[in-house]
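We begin with a single chain expressed as structure tokens, specifically the form predicted alone.
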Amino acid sequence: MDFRFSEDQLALAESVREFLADTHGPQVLRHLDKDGPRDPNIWQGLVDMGLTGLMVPEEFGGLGLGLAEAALIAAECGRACLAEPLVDTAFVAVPWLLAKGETGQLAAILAGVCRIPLPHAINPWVADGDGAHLKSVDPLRILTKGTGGDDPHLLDLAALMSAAQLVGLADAMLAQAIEYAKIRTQFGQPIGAFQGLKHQLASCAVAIEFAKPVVWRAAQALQDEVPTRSIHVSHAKVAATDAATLTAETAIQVHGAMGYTYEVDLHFWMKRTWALSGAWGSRAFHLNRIDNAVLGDMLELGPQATFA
């Protein structure tokens, strides 16, 4: 079996990466932070590219793609530190509505005139909802507190997409740290030449690359409705959180004391990492789900189960 993404899937992700790089760079983030975290032109650009309809079925005018493609694009949203709540509406709310057989809002979502923040008992703070705004560690997230049930499918969808964004965030922070290590000099040479720093950055790269297939596997498991899908989602959230947190800490160290300051673009990605690490279930919550599955014999272990 070929587990690789197809050329079409990778081309889609690359086109989104290029679009976001051109329209949503660090200067745009600073503009949003200063003048207001929402720009209608940015949202309209996402709509025009068809991203709000990525998972909307073709009979309703969308692209009709699945969770694997959505996870790939969510990672690109993380890489760009996208401020707009595209992932929450297009990659979480849409498949959740489809699972419930509710199609009445799909046309409005596709057209970009409807955003659907979905609160949950484990995550009552939603992006861009109605009501009084709450402060977030991430200044580009507009949070409101809602009341929601404990739908496990909604939790899995949102935790998966948070994990996908986290691996994209980690990729971006690692790239920023590497570039800074090339230009910052100490003792007459770039700091990136020092063995200790190389090892730190390499550890981040390994953690990210180990987290990615876990996230992609969780997306496919959720798409295929395999019985152990929730465990795969929790594994993905833990792996992505660990990789992004490690990379954020390392990138700050690479930048030195100025790594914490507003003058360094890194802080936008760092704050988004902190926000998403605790969203839709903390690391402890998802580790507990994995522990209960393994110790409770819900998850069969060993090669005979893994490769069956």
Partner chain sequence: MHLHYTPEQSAFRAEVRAWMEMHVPAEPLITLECREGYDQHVEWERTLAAGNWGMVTWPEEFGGRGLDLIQWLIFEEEYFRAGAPNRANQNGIFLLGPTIMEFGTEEQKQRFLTPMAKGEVVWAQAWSEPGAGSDMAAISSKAVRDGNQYVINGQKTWSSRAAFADWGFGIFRTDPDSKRHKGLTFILFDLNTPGITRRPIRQLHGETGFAELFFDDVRVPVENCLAGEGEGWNVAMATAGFERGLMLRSPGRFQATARRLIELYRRHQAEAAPSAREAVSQAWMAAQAYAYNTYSVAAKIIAGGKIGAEASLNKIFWSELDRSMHRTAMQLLGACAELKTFDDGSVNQWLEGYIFSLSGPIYAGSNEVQRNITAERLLGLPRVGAG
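Positions refer to the first chain, counted from 1. The model shown is predicted, which means the values in this text are computed figures rather than measured ones.
There is also a form predicted in complex with its partner chain; it is not shown, and the following applies to it.
The three residues F3, H232 and V238 all sit with a heavy atom within 4.5 Å of its partner chain in the predicted bound form.
Although the partner is absent here, L82 sits far enough away that none of its heavy atoms falls within 4.5 Å of its partner chain in the predicted bound form. The shortest heavy atom separation between H199 and its partner chain in the predicted bound form is within 4.5 Å.
Using a 4.5 angstroms threshold between heavy atoms, D242 counts as touching its partner chain in the predicted bound form. Remark: K100 does not count among the residues lining its partner chain in the predicted bound form, judged by a heavy atom distance of 4.5 Å or less. Interface residue among A111, V206, A121, V137 relative to its partner chain in the predicted bound form, by the heavy atom within 4.5 Å criterion: V206. Contact with its partner chain in the predicted bound form, defined as a heavy atom within 4.5 Å, holds for exactly one of G104, G149, G131, G188, namely G188. Comparing 85-93, 158-166, 113-121, 218-226 against its partner chain in the predicted bound form, the single stretch with non-hydrogen atoms within 4.5 angstroms of it is 218-226. Along 155-176, one residue reaches a heavy atom to within 4.5 Å of its partner chain in the predicted bound form: L174.
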